[in-house]
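The chain below stands alone and is given as structure tokens, in the form predicted on its own.
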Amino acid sequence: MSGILNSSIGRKFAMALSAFFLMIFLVQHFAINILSVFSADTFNEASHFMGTFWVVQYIFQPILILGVIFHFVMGMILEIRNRNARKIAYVKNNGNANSTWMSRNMIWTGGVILLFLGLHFYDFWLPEINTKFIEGDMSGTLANGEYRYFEELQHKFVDVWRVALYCLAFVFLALHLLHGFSSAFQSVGANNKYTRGLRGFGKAYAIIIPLGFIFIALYHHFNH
């Protein structure tokens, strides 16, 4: 593994694999959260299952956290190395003409997403860890015996400022994905007759998933 990460191609390949992993997680996360729009009971049941099933808690969750850390650390390493490699000023090269805004600012859109993850962990993950593993309450219920997940979700989207931050963060996520999706496939060598279709799918994914999360936040803000 260390040998692979010591090469530029190896680092990009590893970065792409971590990106695919996180994009799959985003779909799963969205699939559960969108349930809150259609059925509070179904959302509660799905959330309780994900929050108590030992495979998710003790295997998938640590892998996910490591995946996030790896992706952002590797992104920083690649950005630093790329900048160090561009020591010569290319007078005749117009960077704006040869690359998109998204590709030139991946480090900044990624940074905003990282800050958002800090807020998201503070809002949901840390309270969940405190309730289950510090207070020792694995029931997932309120005093009235109903599951607490839907009520806690709605409560987080009462404040306008938090909803605004969530929506802004998902706009940056869309910008990050618009370049990141196609870049990940290119890094693993997926340049073939399906490339055009993959790019189209990537653009749809980069718009639909973040837009879906924005819709969820706005829905709960106006319907709490």
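From 1 onward, residues are counted along the sequence shown. All values reported here derive from a predicted model rather than from experimental measurement.
Beyond what is shown, the protein has a form predicted in complex with a small molecule; the following relates to that form.
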| item | value |
| --- | --- |
| Exercise: Y147 in contact with the small molecule in the predicted complex, heavy atom 4.5 Å | no |
| F172, heavy atom within 4.5 angstroms of the small molecule in the predicted complex | no |
| 4.5 angstroms heavy atom contact with the small molecule in the predicted complex for W125 | yes |
| Non-hydrogen atom contact R162 with the small molecule in the predicted complex at 4.5 angstroms | no |
| Contact residue in the predicted complex, chosen from F21, F213, Y205, F13 - any heavy atom within 4.5 Å of the small molecule | F213 |
| Contact residue in the predicted complex, from L198, L178, L64, L35 (heavy atom within 4.5 Å of the small molecule) | L64 |
| Heavy atom of each of F70, W108 and F185 within 4.5 Å of the small molecule in the predicted complex | no |
